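What follows is one chain in structure tokens, specifically the form predicted on its own.
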Amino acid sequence: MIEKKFGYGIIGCGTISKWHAEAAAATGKYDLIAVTDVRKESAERFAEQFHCMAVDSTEELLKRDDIEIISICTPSGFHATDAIKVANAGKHIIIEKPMAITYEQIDDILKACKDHNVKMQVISQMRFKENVLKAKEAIDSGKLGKLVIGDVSMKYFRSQEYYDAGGWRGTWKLDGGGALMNQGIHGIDTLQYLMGPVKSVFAHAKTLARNIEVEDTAVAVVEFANGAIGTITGTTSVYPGIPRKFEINGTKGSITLVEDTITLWDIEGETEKIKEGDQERKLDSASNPTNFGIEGHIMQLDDMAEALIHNRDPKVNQYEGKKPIEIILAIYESEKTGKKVLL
């Protein structure tokens, strides 16, 4: 039984903030008190839609004693600054990916959370999907035998208009990267979640089709700590956009997921076998960045509330949230130096 609702606020009232507000409401564990945005009219429209208060600044939001948890939904380049402000105010944090875009920002966030004893959850909704968890359990229990290869393919389409519509998109300062840091981070996080820690990368990252500062296409060869190898492929410039695919192969079995749908499940000695076409594929965001369900956000925000109720860490805390960023930054370093980079 829920004894109370957590006072809740949102910084940034752009596209993704709607998912946070609706997910918070769906859990029944949050009371949305107030929101803020650098564009006052955006905050006011959002507040009217979700029946809460619009305040003029982050500082005003942070002064409120009735707010305990804050979602950060600002552009990527502001995530670290906002997270540190929220932590310094003693509020718990839910933050969109990526939680930071540099190693220094990661370290500063970790210190602020530790110094002020606040909990932080990084949005990585694929980790909460039923079929991802099913694959994770099979891998961790040894059903696939020795892991040999783990691949993720993320061949998305984002038009030039998509980048032009948001001045921060496609910039190093505010996006922190392109096809990998913005669109690919969920897939990269899911791959390392399934396969285990990454030991090294060797990569090419190019800007081939869009008029942006950052990469729109990248391929990396990955060596995992367990000895397996694999690839990370990411682009935002192929038409019409192809759903994200994970392929995990071991000496005793293979699993393929297209988004969060299992399209291949073939394990030695198991009678259950799934092949392409056996399951109906769900919505994906290969061509449309808003074409995904709210279920993952609901599960994550529910987990955050439960973490506070039971005084435990959220399942995707700041230490988990930094893992895919470190992989992406290593890929960028490899492209820059032309060398293999150890993590």
Ligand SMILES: NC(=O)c1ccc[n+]([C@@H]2O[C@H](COP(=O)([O-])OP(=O)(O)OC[C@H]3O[C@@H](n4cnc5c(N)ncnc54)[C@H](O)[C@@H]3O)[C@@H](O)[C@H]2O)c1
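In this text, all values refer to a predicted model and were calculated from it rather than measured experimentally. One-based numbering along the sequence shown.
There is also a form predicted together with this ligand; it is not shown, and the following applies to it.
Visitor: Given a 4.5 Å cut-off on heavy atoms, tell me which of 21-29, 5-13, 315-323, 331-339 is the interface stretch with this ligand in the model of the complex.
Guide: Of the options, only 5-13 has residues within 4.5 Å of the partner.
Visitor: Tell me, out of Gln125, Thr235, Thr190, Gln121, which residue has a non-hydrogen atom within 4.5 angstroms of this ligand in the model of the complex.
Guide: Of the candidates Gln125, Thr235, Thr190, Gln121, Gln125 is the one lying within 4.5 Å of this ligand in the model of the complex.
Visitor: Would you kindly say which of Arg169, Lys155, Lys91, Lys245 lies with a heavy atom within 4.5 Å of this ligand in the model of the complex?
Guide: Spelling it out, the residue with a heavy atom inside the cut-off is Arg169.
Visitor: Is it the case that Lys97, even though its partner is missing from this view, gets within 4.5 Å of this ligand in the model of the complex, heavy atoms only?
Guide: Yes, contact at 4.5 Å.
Visitor: Determine whether any heavy atom of Lys136 comes within 4.5 Å of a heavy atom of this ligand in the model of the complex, and answer yes or no.
Guide: Output for Lys136 is no: heavy atoms all beyond 4.5 Å of this ligand.
Visitor: Taking any heavy atom pair closer than or equal to 4.5 Å as contact, tell me whether His79 reaches this ligand in the model of the complex.
Guide: Answer yes; at least one heavy atom of His79 falls within 4.5 Å of this ligand in the model of the complex.
Visitor: Look up in the model of the complex whether Ile309 has a non-hydrogen atom within 4.5 angstroms of this ligand, and give yes or no.
Guide: Because no heavy atom of Ile309 falls inside 4.5 Å of this ligand in the model of the complex, the answer is no.
Visitor: Using a 4.5 Å heavy atom cutoff, which residues in 184-217 contact this ligand in the model of the complex? It's fine if the answer is none.
Guide: Stretch hits: a single one, His186.
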